[in-house]
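Taking the form predicted alone, here's one chain by itself in structure tokens.
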Amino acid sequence: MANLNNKNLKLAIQKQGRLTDETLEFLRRSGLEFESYKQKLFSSCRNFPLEILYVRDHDSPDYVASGTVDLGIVGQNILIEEKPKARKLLNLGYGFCSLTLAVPKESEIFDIQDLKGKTVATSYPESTKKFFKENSIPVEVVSISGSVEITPALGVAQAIVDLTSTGSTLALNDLRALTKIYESEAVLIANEEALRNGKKDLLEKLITRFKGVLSAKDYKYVMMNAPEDVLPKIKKIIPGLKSPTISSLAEEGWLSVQTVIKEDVFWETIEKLKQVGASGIIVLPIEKMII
């Protein structure tokens, strides 16, 4: 690690695992240029004062808490389980999964109350114990590091608690979900000192980049043609961030309107625009958006 520049921000990310590929893609979409060979322990960004360290997922919170690195990108599930001394700064909008309680498909257990006195295997013992304590259900929690899904077949446990994204792993192991304990996604965490020391300005610049990528995911850039007399109706439908950009067309009485529309109301808004007379609607993705 002798080549690390201590004046730069240091960010720990998962070396190899569920979040790795999406994290690398997110960093590059934020305009960061770096190499990411799997055998490397760290990379230096060419166009930003940032060092990226590749570590085991469960080590990232400890590195952040101890100040070995300034920042980390981890699954929120690890924060909930390990409760490190680190501050969550941003939800990053990828790596979605759930901590799920599951039982064998043929099991006669159909409600969490049916697990009273049973054994539950998990790699997340603290979260599991908290869940059953909150529901006043006495169970024995067995901590497993590895393939938790196999434990019911081995007779080790009557149920498991594990991370799932699509549910395919449960199905492959003849398990069915009983309930979700919590939802998780990738998050950016920071060492408290990094928020106060000489790297604060660098951190703010990096977060601006990240927020620009996240904001862009929530919006679409829309261009359309519309009769001039329906402009007041269009403004009510698409207030945008401030107000739409409007320009005249060669054809008299027609305007070109440009704006952004939130992804979660996109199709509903497009239908309304068509109803009031908008046409030639063109939709483009937004790479980054600084609000």
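This structure is a prediction, so every number in the text was calculated from the model and none was measured. One rule holds for the numbers: they count along the sequence shown, beginning at 1.
The discussion below concerns the form predicted in complex with a small molecule, not included here.
Of the candidate stretches 199-207, 147-155, 214-222, 69-77, only 69-77 has residues with heavy atoms within 4.5 Å of the small molecule in the predicted bound form.
With the partner omitted from this view, the residue of N135, S143, S165, T179 that lies near the small molecule in the predicted bound form is S165 [heavy atom within 4.5 Å].
In summary, among the residues R46, K236, R56, K262, the only one with a non-hydrogen atom within 4.5 Å of the small molecule in the predicted bound form is R56.
Heavy atoms of L19 reach within 4.5 Å of the small molecule in the predicted bound form, making it an interface residue. Using a 4.5 Å cutoff between non-hydrogen atoms, S184 counts as a contact of the small molecule in the predicted bound form. The closest non-hydrogen atom of C97 lies within 4.5 Å of the small molecule in the predicted bound form. Using a 4.5 angstroms limit between non-hydrogen atoms, Q14 touches the small molecule in the predicted bound form.
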